[in-house]
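The form predicted alone is given below as one chain in structure tokens.
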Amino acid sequence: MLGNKAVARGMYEAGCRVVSSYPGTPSTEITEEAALYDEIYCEWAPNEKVALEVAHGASLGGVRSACAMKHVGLNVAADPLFTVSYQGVNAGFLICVADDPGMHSSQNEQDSRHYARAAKVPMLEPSDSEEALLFTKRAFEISERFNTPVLLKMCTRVSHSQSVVETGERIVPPQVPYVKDPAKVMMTVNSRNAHVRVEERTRELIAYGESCDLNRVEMGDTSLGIITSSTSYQYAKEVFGEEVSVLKLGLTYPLPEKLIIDFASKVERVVVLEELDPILEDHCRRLGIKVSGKDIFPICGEFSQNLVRECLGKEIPETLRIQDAIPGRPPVMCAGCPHRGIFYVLHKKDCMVYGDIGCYTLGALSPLNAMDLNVCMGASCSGLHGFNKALGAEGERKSVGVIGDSTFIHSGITGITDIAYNMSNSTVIILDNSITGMTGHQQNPTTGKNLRGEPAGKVDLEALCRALGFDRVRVVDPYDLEQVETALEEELAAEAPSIIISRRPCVMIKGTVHGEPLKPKEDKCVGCKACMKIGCPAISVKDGKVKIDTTLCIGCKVCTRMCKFGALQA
């Protein structure tokens, strides 16, 4: 099973009944796979904060529940996380978070283990799919035993690799009755008392970690002892096999003390092998253990078997060396992507573009070069407002925010509310492609379908924006470059907050009707390469003449508006 699929299977076998999530690579498949089980109610929430609150509410209602998100999503959910840690649970409550070392599809490389320590919530880290299934089931048990939410930390390599798992039967615990308890209202004395309980819980979890099978010692040669967890454990075993002794930690918060001290006493040298921040290493140092860690391993980026070999002075076998340099393959918007026309016009008009998080972030790349910056989900709206407050009319006439439909629902609504409420003449472009594109075509509240593709409530973006105080709201077709350019010019010149909705479905949505591929007229092509300015992967120039890859071209005809010589025709 894929690691994420194994987590979903663990939820099923543990009797989980409610899962609420927001899609985010590399966590997305957890919820998609859980939705394949009719016994589990699954939904896409507008954002991770809502997802965590929904799942915790289900726990308080007496059924095992879960939510899933990527590492930056945990930032969004941090507010309820810290208080839920104090409040506790009724039935088991699991929070899955997937980190992305190497930033394969993320804007930063944060280490979610910090959240476990800061919120004082136990964290489990599986190292393969079998452990992903087992640790998921164990997490629900720990949650109920210690009255706490439990974090299950995945990472790209565990989430998206496959290994053999042994499945079991679904066992559904009886629903826990809800009992009104005034002490669960987190305020003043209740919160102070809850903090005391949380500290006691942490001490109990440390004692639990000293002997539980989530942490295990694998003794081999005692000249070197490696303390590790997650996918780093796999790298250690692949590189050294039984040549070294290993302390594998599956419960990485709170960390054991006696177990680590005892292991260190049995080996000559201790090395801590962990990706990103030195959390295990710092814990060992606090225990007075002399260890090597970030003095030999990098703090940035994803590890590999060869990196571990190299850092520990072990020769890399010739058979495992890559002799040839792998050519770069930068990401690109799909042929016919509706976002391409918007970014072409923005580049042409030399706008400052405050971008956001989604596949449209690729608008920053050559040849479009049409995005100046991005920060996090929704920042394009509020960030643009601040930018324009600093520059005044100079900024308002030349700057726009760009945000996708799903991202807008996630956290753009409050940003445009700030624009309307405080009356900055800011223009925000909502790229409505009828889907959550970057994470693999998940539904969202603007699509009219739920997670399972069934009819659902649909947010009317135009009505919503008007209700928030925007009098200027218009819809454009991004394939019509003249219409886009006119709308942009008029809204930037307007003395009022404005919204432009660029509406056309993602070309990759199943069932989208495409046109016939274009047929270039080479006799009319002068080799000016104007058609290349939109960066469509279906277009190339060979021997001075335009070529169209008919396996990619969907007949959007945007490129025909570039050509002044009629060389591109339907």
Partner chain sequence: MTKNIMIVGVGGQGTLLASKLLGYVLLGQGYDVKVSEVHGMSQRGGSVVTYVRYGEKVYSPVIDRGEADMIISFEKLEAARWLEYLKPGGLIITNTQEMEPMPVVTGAAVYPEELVEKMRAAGARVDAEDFLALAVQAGSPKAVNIVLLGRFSRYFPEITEEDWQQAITAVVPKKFLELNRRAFAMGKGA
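In this text the structure is predicted, and so the values were computed from the model without any measurement. Positions refer to the first chain, counted from 1. In this text, the rigid core denotes the largest set of C-alpha atoms whose superposition between the two forms falls within 1.5 Å.
Form predicted together with the partner chain: not shown, discussed below.
Participant: Tell me, which of 171, 196, 325, 179 has a heavy atom within 4.5 angstroms of the partner chain in the predicted complex?
Facilitator: Answer to the contact question: 325.
Participant: Name the residue from 160, 397, 117, 347 that puts a heavy atom within 4.5 Å of the partner chain in the predicted complex.
Facilitator: By the 4.5 Å criterion, the partner-contacting residue is 160.
Participant: To test your reading of this chain, name the stretch in 419 to 427, 264 to 272, 201 to 209, 356 to 364 whose heavy atoms come within 4.5 Å of the partner chain in the predicted complex.
Facilitator: It is the stretch 356 to 364.
Participant: Does residue 234 reach the partner chain in the predicted complex, with heavy atoms at most 4.5 Å apart?
Facilitator: Yes, contact at 4.5 Å.
Participant: Is residue 57 part of the interface with the partner chain in the predicted complex - any heavy atom within 4.5 Å?
Facilitator: Flag for residue 57 set to no.
Participant: Quick one: is residue 472 in contact with the partner chain in the predicted complex, heavy atoms, 4.5 Å cut-off?
Facilitator: The answer is no: residue 472 has no heavy atom within 4.5 Å of the partner chain.
Participant: Would residue 105 show up as a contact with the partner chain in the predicted complex if we use heavy atoms at 4.5 Å?
Facilitator: Flag for residue 105 set to yes.
Participant: Each of 29, 331 and 438 near the partner chain in the predicted complex, meaning some heavy atom within 4.5 Å?
Facilitator: Yes, all three are in contact.
Participant: Pull the contact list for 110 to 132: residues with a heavy atom within 4.5 Å of the partner chain in the predicted complex, in sequence order.
Facilitator: Sequence-ordered list has one entry, 128.
Participant: Against the rigid core, is the Cα displacement of residue 317 between the shown form and the other one at least 2 Å?
Facilitator: Yes.
Participant: What direction does the residue 315-residue 327 Cα distance move in the predicted complex compared with the shown chain, closer or farther, given a change of 3 Å or more?
Facilitator: Residue 315 and residue 327 sit farther apart in the predicted complex.
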